[in-house]
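Single chain ahead, written as structure tokens, the form predicted on its own.
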């Protein structure tokens, strides 16, 4: 057996003549970095709720206020990610496939939620969608409220998560050869059939990645939501705000309990999305 280590059963191989040496130092640095900045804080979050006992943890996470806040956070995040998946794909398609005046400006505006402070975004959205705002005033006569409702929460989450979908799909569309679409049209496929059978299968893994990023960003969003949500308990109160309220009450164990529930649910959902993405990639490569 040579110095070159082989572990085909584990799905990886090290060779003595590798053009990228230094595997073990790099692996050690990676594990140390992840442990220090991610695993240790997560371990502290997992241990902190139990300081006040199991009864206190259960009382916090099973209270109607906590359950409603978790439902709103995850439900609005999922709905916002779905909206971004549809319209983000359309925007990415337009930016890649068409040349028109102002295209570069629109391309730059897509990244605006990345640079804009979340508090500024929340104040702006609240001012626009409030009953006396530019858009909210159009719906107020019909007794439709946007700001200070779950709908307003979802709009804020759509705003912060939109760039993730566009930037995930855009490079894939740029690499997708237009000749493939033209060949499908030559063979008699309609435009809808070309999109459904040629374009969507090619961009679907990137679409899932953008959806996951948008969802993950929305679940933990705080700054842009609290201004437009109104923070009404059992109506428009999000889980991150409930954590802050618990901290202000010096109930650190209760805040950690809510955070732990969010962490577990988020990990499960992201694991499912990543598994689905990997399954799609494997199916497409066969």
Partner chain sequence: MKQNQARRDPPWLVAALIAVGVAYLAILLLLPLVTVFAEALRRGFSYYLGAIREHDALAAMRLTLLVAAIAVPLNTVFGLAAAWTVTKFDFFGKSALVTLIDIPFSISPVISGLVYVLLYGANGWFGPLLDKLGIQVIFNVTGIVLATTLVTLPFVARELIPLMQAQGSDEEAAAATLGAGLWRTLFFVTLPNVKWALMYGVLLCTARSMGEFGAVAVVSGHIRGQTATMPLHVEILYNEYAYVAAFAVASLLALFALVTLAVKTLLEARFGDELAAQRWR
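Residue numbers count along the first chain shown, from 1. Here the structure is a predicted model, which is why all the values come from computation and not from measurement. The term rigid core refers to the most C-alpha atoms you can superpose between the two forms while keeping them within 1.5 Å.
Although not depicted, the form predicted in complex with its partner chain is the subject of the following passage.
Asks: Determine whether any heavy atom of residue 97 comes within 4.5 Å of a heavy atom of its partner chain in the predicted complex, and answer yes or no.
Replies: Taking the distances in the predicted complex, the answer for residue 97 is yes, it comes within 4.5 Å of its partner chain.
Asks: Under a 4.5 Å heavy atom criterion, is residue 230 part of the interface with its partner chain in the predicted complex?
Replies: Result no; residue 230 lies far from its partner chain in the predicted complex.
Asks: Could you tell me if residue 87 has a non-hydrogen atom within 4.5 Å of its partner chain in the predicted complex?
Replies: Residue 87 belongs to the contact set for its partner chain.
Asks: Considering non-hydrogen atoms and a 4.5 Å limit, does its partner chain approach residue 262 in the predicted complex?
Replies: Looking in the predicted complex, residue contacts with its partner chain include residue 262, since a heavy atom lies within 4.5 Å.
Asks: Considering 158, 151, 72, 206, which brings a non-hydrogen atom within 4.5 Å of its partner chain in the predicted complex?
Replies: Of 158, 151, 72, 206, the residue with a heavy atom within 4.5 Å of its partner chain in the predicted complex is 158.
Asks: Taking its partner chain in the predicted complex as the reference, which of 146, 202, 79, 110 has a non-hydrogen atom within 4.5 Å?
Replies: Result of the distance check: 110.
Asks: Could you pull out the residues of 124-143 that have any heavy atom within 4.5 Å of its partner chain in the predicted complex?
Replies: The stretch 124-143, when checked against its partner chain in the predicted complex, contributes 124, 125, 126, 127, 128, 129, 135 at the 4.5 Å heavy-atom cut-off.
Asks: Following rigid core alignment, is the displacement of the residue 178 C-alpha between the shown form and the other one equal to or greater than 2 angstroms?
Replies: The answer is yes; the displacement is at least 2 Å.
Asks: After superposing the rigid core, is the C-alpha displacement of residue 54 2 Å or more between the shown form and the other one?
Replies: It does not, since the residue 54 C-alpha is displaced less than 2 Å between the shown form and the other one after the core fit.
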